[in-house]
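Only one chain is given next, in structure tokens, and it is the form predicted on its own.
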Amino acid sequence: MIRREADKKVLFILGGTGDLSKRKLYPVLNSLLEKGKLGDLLKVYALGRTKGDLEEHVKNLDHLRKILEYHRFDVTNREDYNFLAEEIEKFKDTELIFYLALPPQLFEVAVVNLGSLLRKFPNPRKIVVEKPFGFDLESARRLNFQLKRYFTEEEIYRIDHFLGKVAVQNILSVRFSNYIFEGIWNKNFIDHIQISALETVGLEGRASYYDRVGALRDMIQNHLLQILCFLAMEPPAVMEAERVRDEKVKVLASIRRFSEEDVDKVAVRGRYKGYLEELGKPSNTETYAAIKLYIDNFRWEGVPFYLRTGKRLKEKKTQAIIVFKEVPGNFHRMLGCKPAQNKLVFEIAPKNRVRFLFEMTPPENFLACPVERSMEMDLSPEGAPEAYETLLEDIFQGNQTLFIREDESELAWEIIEPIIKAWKEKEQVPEYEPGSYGPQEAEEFIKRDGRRWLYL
């Protein structure tokens, strides 16, 4: 049953004294309150096991401090939910929003305890779950099962902060608002697509978490596959949450599956030198991963999508590059050179911009070989909302367009499951120098297709 929206809302942040809450959620909530966008928010509960330095983090957030209240709370302790029940009793006809800003291993116990408690209350409710949604396909299905035991899909907000970024949302805007692009957005004109998330940092205090997850799970399974969906999806009949998510699911369902035996043909990994010393124990976790996917439908048949991510690389850059096909060979002979392929670049970090790279001959010599020129548009205007600001506002408004649906999350795990299993059995991980662009194996991986990694 879909519950109605209530005029007034209360936000409970489980993990309210953790790093995510202090660095992201509280500043964003304060910004939204300051802009008058959360006038219906009565109270914010910061629920955590220890208060720590919470006061220090919110001391300048004046709008939030007026409605913020800290309470000691352990999501694994059933007794603490008695306190929660007493607080909920104070808010009749008020929507309850529960944000799980928790380590992923605590999601299930929190969902079960919350769900059991909320059966006593008729209030409209929402539950927000941070990624990762599971650790593999089996755990993702188990988490989704528990969520659906107690909440309807319309009440569940699986949040991926990448989808709140302006540049990611503008992929849809550029595609569907400009007829010139939709006509060439297919296998007839596009040679391949590269989606990259390159980082210069290493473990940065996340050693225990990262070693359990690795590059493939941390970035490709969620963030980069979501960008792929935005790039590859068909235009929805209407721009509504369910229709947009339907089209994303169709893309994931159309991605060509492969077996564990074929993993070496479609994926490569690496680890930066010094990782094991930082970690302080043996490990076969990768800090670099690259995969090649095909979408078997009429629009994209035969077009490879290359997804890669890595830590301690030469530069920080997150971008999607659409590489168009080469001009016919007779033009090469006429010009006496080979023009570069046109490229449309959606840059997400460190800058927020869209660039189109095209060839043009120098005006002083028409017969000279053309050179690559760039047109660009900055997508970071003054006052543009931060990713979490967009997503939190959507949660309060009940807009699920930028959130992950149950079938979407499981299909994403299904795609990379063979890679997870194959890499788990292999102890040797190729190493690369910190400050490089990754392992040599990754260069050879794309060169086999007659292509190269682009750094634009």
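Since we're looking at a predicted model, the values are computed, not measured. Just count from 1 along the sequence shown to find any residue number.
Note that the form predicted in complex with a small molecule isn't included here; everything after this is about it.
Comparing 134 to 142, 148 to 156, 217 to 225, 251 to 259 against the small molecule in the model of the complex, the single stretch with non-hydrogen atoms within 4.5 angstroms of it is 217 to 225. For the options Trp300, Tyr275, Phe230, Phe162, the residue carrying a heavy atom within 4.5 angstroms of the small molecule in the model of the complex is Phe162. Checking Phe121, Tyr209, Phe324, Phe356 for any heavy atom within 4.5 Å of the small molecule in the model of the complex turns up a single hit: Tyr209. Interface residue remark: His71 is not counted as part of the site for the small molecule in the model of the complex, having no heavy atom within 4.5 Å. Interface membership of Glu199, defined by any non-hydrogen atom within 4.5 Å of the small molecule in the model of the complex, is confirmed. Remark: Lys311 counts among the residues lining the small molecule in the model of the complex, judged by a heavy atom distance of 4.5 Å or less. At least one heavy atom of Lys316 is located within 4.5 Å of the small molecule in the model of the complex.
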